[in-house]
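The chain below stands alone, shown as structure tokens; this is the form predicted alone.
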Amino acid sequence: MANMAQAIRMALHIGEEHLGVKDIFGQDVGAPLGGVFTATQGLKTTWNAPLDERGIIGCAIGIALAGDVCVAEVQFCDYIFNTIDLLKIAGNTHWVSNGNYNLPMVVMTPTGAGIHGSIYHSHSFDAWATRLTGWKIVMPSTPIDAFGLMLSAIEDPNPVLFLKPKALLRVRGEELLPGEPADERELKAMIDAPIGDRAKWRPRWPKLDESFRVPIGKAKITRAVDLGSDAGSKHASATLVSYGRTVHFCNRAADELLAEGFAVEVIDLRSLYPYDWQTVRESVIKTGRVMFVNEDTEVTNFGEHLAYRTANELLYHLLARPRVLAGKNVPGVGLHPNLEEASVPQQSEIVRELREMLAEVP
């Protein structure tokens, strides 16, 4: 099974071979490193940019305005904040030009905690990103979704921000990419550069299904609930809505409570904007309870918007108040594992909050 970095790399290969990608660039994106997480290793159109986030975003805007498709990387989202004004310009260009100009650009950046990166390598950017009108925002939780979402992002005629969960980039998936070799050692030998001298190394790309896509704006139910037949129908039920790294915590929390007779449906949004409100709505109406989980800080969190919309539109379907479980409102994430785990949601917190919510009665 491919890990997420390999899946992104294979999608970018299809992009440069078949979807018109002319430039893939950023700090250490080109040879010899191929990206700090190796997500651009072995690609033909990569090049190294200076350590200049504003220059990277500005260059991407220029390439896109000229009509070429590009993928730019900011090495960590912790350093994207000084480009906010440029991201706003990229997002509003199609609108302010009355549809006369497209910007076919993808910006990818690793986000979130989980790698013990301390204060400068553990920030989240999802709440900020959803305020960038004119951008589509995606964050996968699995390699196959990363593969399909990247291909959809490349094909989109306007800006897409591809948020890569730092803690998941080395995690292997549970589903084979269409056409991927079943033996992960075979895949590694084909597309991972050797340690040491790489001057003569060239990847051997597997023949993947180039038509595979994950549509932007479509969520995925990762733990489904059927109140007519599930054991959970004997007790209370709830919905968890998440994306990125915390989807896996939510899945395990749902499994833990299912063993006790509770039914918990888990929704992986995959796209933060546009987001799949219909899937969320149908699940909340079914279960009567909902909690939104993510790593970004809890004040002006994206989950708060979802909770607000839930209360506005689904109030009379609710059996308990909608909840948001997010990162603590602290300036950064500490280096020590205890500090990091206390700063962003963990499985144990999700289970505790779920128990409280499931115990609520109208």
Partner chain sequence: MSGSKKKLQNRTGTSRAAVKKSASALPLPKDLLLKMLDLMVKSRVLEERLIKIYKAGEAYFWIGGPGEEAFGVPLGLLVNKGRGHDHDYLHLHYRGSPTLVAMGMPIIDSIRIMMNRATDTSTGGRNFSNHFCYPEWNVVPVSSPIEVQYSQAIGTAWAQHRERSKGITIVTGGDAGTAEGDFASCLVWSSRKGHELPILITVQNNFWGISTAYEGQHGETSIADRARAFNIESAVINGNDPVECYFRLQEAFAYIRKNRKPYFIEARLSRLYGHSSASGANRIDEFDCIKSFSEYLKKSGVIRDGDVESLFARYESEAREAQESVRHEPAPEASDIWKHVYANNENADWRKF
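It should be emphasised that the depicted structure is a prediction, and the values quoted were computed from it without experimental measurement. Numbering follows the first chain given and starts at 1.
Form predicted together with the partner chain: not shown, discussed below.
Checking 181, 288, 134, 203 against the partner chain in the model of the complex, a heavy atom within 4.5 Å turns up for just one residue: 134.
The partner is not drawn, yet in the model of the complex one stretch among 56 to 64, 333 to 341, 31 to 39, 291 to 299 has residues with heavy atoms inside 4.5 Å of the partner chain: 56 to 64.
Site residues 125, 194 and 251 are none of them in contact with the partner chain in the model of the complex, judged by any heavy atom within 4.5 Å. Contact check for residue 323: no non-hydrogen atom falls within 4.5 Å of the partner chain in the model of the complex. Looking at residue 102, you'd find a heavy atom of it within 4.5 angstroms of the partner chain in the model of the complex.
Although the partner is absent here, residue 16 lies well away from the partner chain in the model of the complex, with no heavy atom inside 4.5 Å. Residue 89 belongs to the set of residues with a heavy atom inside 4.5 Å of the partner chain in the model of the complex. Interface residues of 34 to 51, taken as those with a heavy atom within 4.5 Å of the partner chain in the model of the complex (partner not displayed): 47, 48, 49, 50, in sequence order.
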